[in-house]
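Below, in C-alpha cells: the form predicted alone, a single chain.
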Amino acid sequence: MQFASDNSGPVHPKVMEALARANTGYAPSYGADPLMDTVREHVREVFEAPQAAVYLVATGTTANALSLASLCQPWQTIFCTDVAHIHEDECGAPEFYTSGAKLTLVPSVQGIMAADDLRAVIAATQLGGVHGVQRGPVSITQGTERGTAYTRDQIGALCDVARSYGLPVHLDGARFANALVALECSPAEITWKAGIDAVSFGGTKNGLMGVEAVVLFDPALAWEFELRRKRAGHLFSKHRYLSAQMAAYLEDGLWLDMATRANAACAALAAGLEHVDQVALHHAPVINTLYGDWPRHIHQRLHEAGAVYHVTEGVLTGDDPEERLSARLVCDWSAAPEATAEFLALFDGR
C-alpha cells in the first residue's frame, strides 16, 4: 500500500536491462556516447522538433533550474504558480542557478494558473524602472502539483500572454508523460506548437532510476546550457548510464505505457474512494495524483496497517478523532490492484 510518491516506485526491468547492456566495454564520456545520439534523435522525433537541443541531467531540480537560468537574467523574475515545485520544493535552486532571479507567484486553482491572472501579475511587475525587478520567463507545470493537467488551449493562452510581453516559457514536465496520455494529444501540441521554449522532460517519476531530459526548442540556447550544466557540476562523466535509461524509456513507447498504468491505478483508487462516505476528494484526478480528506481516526488506522502516504494538512496525532485531515496519494507504474483493494478495505475497518 505504497502511495507516498511515484519517486518511491521501482525502476522498470527494461531500464535495468538497458543499464546492464550499457555496462559493457568502453564508451566516450560526457555525452559523446553513441547511445546519446540515439536519445537525441528519438526525443526530437517524439517532439517533432528536428532542430531541438537535447541534454540529460540526473534530477528534476537540475533540469528546471538550469533551463530557467538559460532563459533568465539575474535581475528578472520568474512567474510561476503559488504551488509550483520550483517555489515549494527546490530549496531555492532556481534562484541560485539564475544568480539571484526571484520568483513571482501567480494564484492557481487546483494547480492551474489562468491566463487572466498571469496577465494581471505580469502587468503589475516592473513598475519601478531600474529600481524594480524586471519581467522574466513564465514557468508552468504539466501535469500540475495537484494532479490536474493544462489543456492545449490553456497552455496556448498562457503562452500568448507571455509572448505579448516578450517573455519565454518553460514547462516543468516531471509528470509530462502522465499529462500527455490523459490529454490524448501529441507532445508537440502541448509544447512548442503552443509556444513553449524549453521543457524539463521527466523520467524519474515514471520508472527510471534517475534521469531527466532538457529539450530546448531554440538551438541558440544550447551552448549556454552546456556551460551552465558543466559549471553546476551536472555534466556526468559516465554519461552512457543516463543515455541508457532514456533510450530504454523511449523505445517502443515504454514511457507512455508506464504513465498509462500509473494514471489507471490512480483512477481506480479514486473510483473506490468516491464510494466511501467519510472521504471527500478535492477534485477528480487527471493524472496519477489525488487529494482528499477524511477523519483522523481513519488515517491512523490506515497508517497502523502499513499504508504509506502523506498527510498534507493537519497532524496525524491529535485529540479529535473526527477532525478531517487532507492527504495526497500518488500511484506509480507498478501499483498493484491488490494493494489498492487492501487499502480501500481498511476504510471499512476490515
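No experiment lies behind these values; they were computed from the predicted model shown. One rule holds for the numbers: they count along the sequence shown, beginning at 1.
Just so you know, the form predicted in complex with a further copy of the same chain exists too; it's not on screen, but the next bit is about it.
Gly92 is the sole member of Gly92, Gly253, Gly272, Pro219 with a non-hydrogen atom within 4.5 Å of a further copy of the same chain in the predicted bound form. With the partner omitted here, the residue from Val133, Ala280, Ala268, Val109 that has a non-hydrogen atom within 4.5 angstroms of a further copy of the same chain in the predicted bound form is Val133. Exactly one of the stretches 152-160, 110-118, 166-174, 199-207 approaches a further copy of the same chain in the predicted bound form with heavy atoms within 4.5 Å, and it is 199-207. Although the partner is absent here, Ala232 lies within 4.5 Å of a further copy of the same chain in the predicted bound form, judged by heavy atoms. Although the partner is absent here, Val11 sits close enough that one of its heavy atoms falls within 4.5 Å of a further copy of the same chain in the predicted bound form. Not displayed here, a further copy of the same chain is approached by Ser29 to within 4.5 Å at the level of heavy atoms in the predicted bound form. Taking the partner from elsewhere, Ser186 is found to have every heavy atom lying beyond 4.5 Å of a further copy of the same chain in the predicted bound form. In sequence order, Trp223, Glu224, Glu226, Leu227, Arg228, Lys230, Arg231, Ala232, Gly233, His234, Leu235, Phe236, Ser237, Lys238, Arg240, Tyr241 are the residues of 213-250 having a heavy atom within 4.5 Å of a further copy of the same chain in the predicted bound form; the partner itself is omitted from this view.
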